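Starting off, we have a lone chain in the form predicted on its own, written out as structure tokens.
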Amino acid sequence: MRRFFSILLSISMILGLAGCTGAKPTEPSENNAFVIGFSQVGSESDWRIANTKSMTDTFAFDADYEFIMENARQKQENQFASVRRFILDGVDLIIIAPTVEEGWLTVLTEIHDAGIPVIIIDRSVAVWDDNLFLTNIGSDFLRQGNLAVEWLEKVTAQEAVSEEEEPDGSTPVSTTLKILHLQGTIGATAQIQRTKALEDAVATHEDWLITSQLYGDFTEAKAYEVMTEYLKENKDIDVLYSENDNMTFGAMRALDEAGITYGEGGDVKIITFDATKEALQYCLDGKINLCVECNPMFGPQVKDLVEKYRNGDTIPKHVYVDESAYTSKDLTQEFIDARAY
């Protein structure tokens, strides 16, 4: 069902929003509509599809706005081309969900020189002059990573206490916690900050070890590929720290094929980020130990910021969306069924 929903929405994005062609889902309004150009990273994950839907549902069918979305298909050069088209078209405001943090100074300067305001969403940009954009709205990815490692600290401490003494009265031999790290798109804010949280935690725990960092590019297919290859030679894993749900799904399939159990009572504890419906269902069913939420449904908050700008109101330089972390004990079927993504 998840794949069907993803495919259906992806087709909708391509046909209804016309990907990189710049087609406009809303016809130009006769009442001098405010024109927004939106450069979206792509449609690489369930999270991204939900984020696109939130943005289009918010703007594309509002007569006060003309909303132009272009799908960069995870390539920064496509985003640069889209943004420059927006400048030539003379849009009123540009929204960018950047592929990676670096490399934006020149393009943002061009937008600034054209007198067009910019809102950065989801990820961040690494530029020395933050006057080049109005605001940055999205997740606190470092906090997400810290929530994950704090949970892991708590769980491993509890397990250490319960195993403090062997049945024969002897003290158990200290063991190393072996963590396999599955990384998303290198250079993306989510990857940078979630990686930092894990690496910082490992540096403070002598008995924690990152056995390998595999590149999964935030996609299920890539994660399945790299996990399958890794497990041919290395099966000694205690924890899988996966930087998004789609990579986790690919990794789970590879673990299944390798005969390795996971989740509650399994050989491998799984920590995943995004907390999409399917991941939360796996969590409730005991297949995933921890889901750290990354909320994609902030289209209405972006619209609120746009309207504050149009009214001349002061807006904060950075806005974080509300997010939580979930174990099976925190979930009910009713909560998951009511989930918007």
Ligand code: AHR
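Start at 1 with the first residue shown and count on from there. Since the structure is predicted, the reported quantities are computational estimates derived from the model, not experimental observations.
As for the form predicted together with this ligand, it is not shown, yet the points below apply to it.
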item: This ligand: the contacting residue among W47, Y282, F38, F59 in the predicted bound form [heavy atom, 4.5 Å]; value: W47
item: Selected contact from I237, V125, A190, I111, since only one has a non-hydrogen atom within 4.5 angstroms of this ligand in the predicted bound form; value: A190
item: Contact test in the predicted bound form: F218 vs this ligand, heavy atoms, 4.5 Å; value: yes
item: Touches this ligand in the predicted bound form: L290 (any heavy atom, 4.5 Å); value: no
item: Partner contact for Q79 in the predicted bound form: this ligand, 4.5 angstroms, heavy atom; value: no
item: Exercise: F141 in contact with this ligand in the predicted bound form, heavy atom 4.5 Å; value: yes
item: Heavy atom contact within 4.5 Å of this ligand in the predicted bound form, the stretch among 81-89, 152-160, 229-237, 242-250; value: 242-250
item: Residues of stretch 263-285 in contact with this ligand in the predicted bound form (4.5 Å, non-hydrogen atom); value: D274
